[in-house]
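Taking the form predicted alone, here's one chain by itself in structure tokens.
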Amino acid sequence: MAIKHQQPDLVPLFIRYVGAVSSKLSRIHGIAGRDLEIKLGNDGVIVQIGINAEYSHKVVPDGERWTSEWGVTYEGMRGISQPVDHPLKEPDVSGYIWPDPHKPERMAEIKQAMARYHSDYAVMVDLSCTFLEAGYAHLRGMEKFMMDLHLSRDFACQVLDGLNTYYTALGVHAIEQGIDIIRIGDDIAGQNGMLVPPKLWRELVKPRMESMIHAFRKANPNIIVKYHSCGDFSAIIPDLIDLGVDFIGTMQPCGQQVDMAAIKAKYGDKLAFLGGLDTQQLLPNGSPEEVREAVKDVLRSYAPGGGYVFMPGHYVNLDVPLENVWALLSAVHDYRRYPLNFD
């Protein structure tokens, strides 16, 4: 109801925690994974598949290396894998073998999540690192791929076409499982704007995203399409509306997105929002009282009339004290009932 701009009984909740925080909370509550997140109040579950999932879900000891099916080599660093060697060393894809999106085992986790949760909770499938981020973070390397976008345009387009083909097929298979929300996107912005010129994004990414969303809607006309980017991607919000995106996040309060009420007033009749609470300064460094007040501010800005799902601007990270986690959760539960009342 919220994503469809209707006002439900409660502001929905969808909070993600990094593994180390989940481990702490798991020891307290005696359960783990998606069951823990639901116990803490989440109204949906997420399944991540694709290139980003392969590295972010694989925990290896610091200094240990491994290579994914995409040909990317990663190394364990401070508890997570980081790319250290990229398969597209030269601007040439002629010898590159793309992974097969049609392998049945790619749907296994989605099928499990649907069977366990879908009767009561929304199920979202995440295809993040869909276009530019897959190129710069995994396949080619940041500096090289950013230069390719300007100096080796044909090669960059071939990479984006390969990713479009892979993720379109993968997303259609996920939609055929009956999921509610498909999440696409890239980290294409920093604190004060886009990492690439909006004009370049419109030339290279927008047409490919349009064909992808068309295929998704052909598979299910009612599928909810969510777009993700970190940072301030306000410059392309009108383009996302043109493409038929329903739902955007994580709305980090930076750049032009600091004024949350203005964003809601400008686009709230066309888009639903996820996120908005500061995870960089407030959650790790603020007091529990400041966290509670900030939760109220976010709800005041985004939640009136529906069209909003509560989440911090990113994962709850290990630098967040547990007392601030409790303050966050208690404030959301105290103030998320419609009609909103912050007394």
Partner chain sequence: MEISTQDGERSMAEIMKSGTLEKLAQAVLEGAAEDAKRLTEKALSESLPPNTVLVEGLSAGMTVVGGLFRRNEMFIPEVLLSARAMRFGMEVLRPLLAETGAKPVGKVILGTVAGDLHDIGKDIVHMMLEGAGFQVFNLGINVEAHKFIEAFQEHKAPVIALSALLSTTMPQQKAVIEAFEKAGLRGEVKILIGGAPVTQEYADKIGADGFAPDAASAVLKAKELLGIS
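Note that the structure is a prediction, hence the values are computed from the model and not measured. Positions refer to the first chain, counted from 1.
The form predicted together with its partner chain is left out here; the points below concern that form.
Trainee: Is it the case that E143, even though its partner is missing from this view, gets within 4.5 Å of its partner chain in the predicted bound form, heavy atoms only?
Mentor: Yes, contact at 4.5 Å.
Trainee: Residue-level contact is defined here as any heavy atom of the residue lying within 4.5 Å of its partner chain in the predicted bound form; does I110 satisfy this criterion?
Mentor: Contact check for I110: no, nothing within 4.5 Å of its partner chain in the predicted bound form.
Trainee: Using a 4.5 angstroms cut-off on non-hydrogen atoms, would A169 count as touching its partner chain in the predicted bound form?
Mentor: No, A169 stays farther than 4.5 Å from its partner chain in the predicted bound form.
Trainee: Is L151 a contact residue for its partner chain in the predicted bound form, using a 4.5 Å heavy atom cut-off?
Mentor: Yes, contact at 4.5 Å.
Trainee: Which residue among P284, G305, P288, G41 has a heavy atom within 4.5 angstroms of its partner chain in the predicted bound form?
Mentor: Answer to the contact question: P284.
Trainee: Going by heavy atom distances of 4.5 angstroms or less, which of L160, V196, I263, I181 would be at the interface with its partner chain in the predicted bound form?
Mentor: Among L160, V196, I263, I181, a heavy atom within 4.5 Å of its partner chain in the predicted bound form occurs only for V196.
Trainee: Of these, 74 to 82, 264 to 272, 101 to 109, 212 to 220, which stretch puts a heavy atom within 4.5 angstroms of its partner chain in the predicted bound form?
Mentor: Stretch with heavy atoms near the partner: 74 to 82.
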